[in-house]
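Below, in structure tokens: the form predicted alone, a single chain.
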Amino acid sequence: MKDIGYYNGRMDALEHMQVPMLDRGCYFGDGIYETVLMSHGTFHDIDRHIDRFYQGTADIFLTVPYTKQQLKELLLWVSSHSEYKEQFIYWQLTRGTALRSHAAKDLSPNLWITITKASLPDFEHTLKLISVEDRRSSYCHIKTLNLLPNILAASQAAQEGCEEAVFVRNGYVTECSHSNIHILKDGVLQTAPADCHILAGIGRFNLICACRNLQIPVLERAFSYEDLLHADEVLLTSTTKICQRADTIDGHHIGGKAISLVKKIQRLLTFSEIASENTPSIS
């Protein structure tokens, strides 16, 4: 098989899989999800993704019916049934299946897993961005299934011929619809702090560690939309983007002033295991 679906112990080709209409993930988005990239048998940052998954479930009082090691082994087992050499692995845990009621208790959680084809990013391709007002809740740091504002922003970006939408809250950049965003200015990496307004991505974590390994100063402090416009480089990180440059936002040219420095960072992120004694916050 290539595209694979798994639901509570049942596994089949993804197009054959079905889930109950009463799964709370369907009508409430009541759950937590994670993603990981697999390339030629290597699961990039899987332990960090699993750690964040367990932190998110704890934040919404959802008990995972597996140990971390059991979940990791299950993901690896499902992945092994796919023919793809490069895989995008998605999993989510919902609170359970029951008649629609806001309050829920004594339910058995439902585990979903999907395996689809992944493609590694082209670092020579630069991204086009738009900005949108950040109207989301103060739960952005939790990877919940409630992604409607993100979906609307990403759809608007696509309609305008762009790859990403940048959320701006009170004049300050928080993150993108499905990426973290950072700027390089005068040799310093600046990124929004890991508070309730951003999801602190694993890609963000790796970028900060890479910069510290390269002795690039890192400033975890919010930056403004104006700061972004005048940055030497604007970088986006995520599981699938790894670390890509952006070259326009709202039709304005941005970045392009520290390309050689970005290439050093990209090489380290692509070919090395990132580690740092002073590790940044993930959540």
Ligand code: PMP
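Just count from 1 along the sequence shown to find any residue number. These figures come from a predicted structure and were not determined experimentally.
Just so you know, the form predicted together with this ligand exists too; it's not on screen, but the next bit is about it.
- Contact with this ligand in the predicted bound form, judged by any heavy atom within 4.5 Å, is made by just one of 176, 93, 115, 208: 176.
- Among the residues 157, 71, 127, 199, the one placing a heavy atom within 4.5 Å of this ligand in the predicted bound form is 199.
- Each of 150, 203 and 239 places at least one heavy atom within 4.5 Å of this ligand in the predicted bound form.
- Between 178-186, 105-113, 209-217, 85-93, the stretch whose residues reach within 4.5 angstroms of this ligand in the predicted bound form through a non-hydrogen atom is 178-186.
- Contacts of stretch 127-146 with this ligand in the predicted bound form, defined by any heavy atom lying within 4.5 Å, are made by 143 alone.
- Closer approach of the C-alpha atoms of residue 102 and residue 140, by 3 angstroms or more, is seen in the predicted bound form than in the present form.
- Relative to this form, the distance between the C-alpha atoms of residue 145 and residue 27 is reduced by at least 3 angstroms in the predicted bound form.
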